[in-house]
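Read the single chain below, which is given as structure tokens and is the form predicted on its own.
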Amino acid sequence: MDLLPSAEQQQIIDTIKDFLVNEASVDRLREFSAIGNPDFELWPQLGELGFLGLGLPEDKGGVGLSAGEEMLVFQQFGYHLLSPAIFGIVLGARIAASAGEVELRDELLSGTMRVGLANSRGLAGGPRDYHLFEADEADVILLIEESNAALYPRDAFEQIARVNATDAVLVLERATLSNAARPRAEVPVKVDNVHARALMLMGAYAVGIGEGARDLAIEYAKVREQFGKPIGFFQAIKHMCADMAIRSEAALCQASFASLVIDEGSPDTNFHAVASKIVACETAIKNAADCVQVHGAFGFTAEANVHHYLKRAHVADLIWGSLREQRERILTFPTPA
């Protein structure tokens, strides 16, 4: 099986990469004490370019490409640390399309609607307690669980309270889903396995985070000098960067394979989607931590971009189940064919 991008897929990668380099440099996150970011301003442009509906069938208003192309795009979203709200837009449009909510789907695909993410607080709260990401000005909020996926209006959540996030760029709130809440659109897993797709795309996003941290470390190792030589000359730094590269390659291979399995509708879909998130999030966290080490004392300062990768890696890990939760879950699956 060839996991390398085709010529057509490489064109898609080059297009989204050029757009994000020009419009979403990681330097945009360096404004001290800033909470919230202007990434939502990019949604209409991404919608016009077709990236918000890339994996949706054409008869449902999308571009009609595969999960493989969608995975490659989310890899670039992670590399440039795009707001996790992008998951709300893309997956929300998929839910609306599957539920037959054409008007809602089109509004989401145009990028004119704000969508937040609801993530279970797990042991930290009750069964209807959630963390809300980027939802303070959201029109709807995406809630994905193993059995179904839905879009809820913001007023379906009660007792909303702003809390400080480790990743201070993101707006984070705690809330409780009302017992009387009714979704605007909902789709069960038997109709569309949005949960598995979300895990695979989060894996791709985490791959991008890990690659971004890897490249940041390598570039710094080329220019920072110690004892009259670039620090990349020393074996300890070389080995660290090599480990980062190997981890990134393994994570990308797993994400690529998971996307192919999802397209095939294989019974192993859930297994490989979970595996993708596990491998990629572990890679993102380890690469970001190693990147801090390569930067030395400078890596611990707000002037460096390193901390954004480390913090966002932990956010990616927590959304839709942490590493510990996913490892426990994958043990419940039968051995893949």
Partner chain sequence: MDLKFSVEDQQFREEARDWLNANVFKERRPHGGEAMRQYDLAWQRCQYEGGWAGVSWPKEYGGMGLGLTRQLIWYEEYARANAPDNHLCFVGLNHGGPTIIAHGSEQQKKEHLRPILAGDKIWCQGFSEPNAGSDLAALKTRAVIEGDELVVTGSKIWTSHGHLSDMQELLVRTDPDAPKHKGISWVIFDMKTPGLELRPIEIMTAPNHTHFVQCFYDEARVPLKNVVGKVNDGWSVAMSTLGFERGTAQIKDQIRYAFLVEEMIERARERYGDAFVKNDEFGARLAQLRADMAAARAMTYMVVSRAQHNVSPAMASLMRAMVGEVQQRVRRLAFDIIGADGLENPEDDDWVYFYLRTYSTTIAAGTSQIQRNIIGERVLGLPRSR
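Here the structure is a predicted model, which is why all the values come from computation and not from measurement. Residue numbers count along the first chain shown, from 1.
The following text describes the form predicted in complex with its partner chain, which does not appear among the structures shown.
Undergrad: Contact with its partner chain in the model of the complex for R312, defined as at least one heavy atom pair within 4.5 Å: yes or no?
TA: Heavy-atom contact with its partner chain at 4.5 Å: absent for R312.
Undergrad: For Q235, is any heavy atom within 4.5 Å of its partner chain in the model of the complex, or not?
TA: Looking in the model of the complex, residue contacts with its partner chain include Q235, since a heavy atom lies within 4.5 Å.
Undergrad: Please run the contact check for V163 against its partner chain in the model of the complex: heavy atoms, 4.5 angstroms, yes or no?
TA: Although its partner chain is absent here, V163 would stay clear of it in the model of the complex, with no heavy atoms inside 4.5 Å.
Undergrad: Taking any heavy atom pair closer than or equal to 4.5 Å as contact, tell me whether H308 reaches its partner chain in the model of the complex.
TA: No, H308 stays farther than 4.5 Å from its partner chain in the model of the complex.
Undergrad: Its partner chain in the model of the complex: within 4.5 Å of a heavy atom of each of I246, Q254 and V279?
TA: Yes, the whole trio is in contact, each within 4.5 Å by some heavy atom.
Undergrad: Could you spot which one of V191, A181, I218, V102 gets a heavy atom to within 4.5 Å of its partner chain in the model of the complex?
TA: Of the candidates V191, A181, I218, V102, I218 is the one lying within 4.5 Å of its partner chain in the model of the complex.
Undergrad: Choose one stretch from 199-207, 225-233, 109-117, 166-174: the one whose residues place a heavy atom within 4.5 angstroms of its partner chain in the model of the complex.
TA: Checking each option against the 4.5 Å cut-off leaves 225-233.
Undergrad: For the heavy atom contacts within 4.5 Å of its partner chain in the model of the complex, list the residues of 264-279 involved, in sequence order.
TA: Going through 264-279 in order - heavy atoms within 4.5 Å of its partner chain in the model of the complex - the hits are E264, F271, H272, A275, I278, V279.
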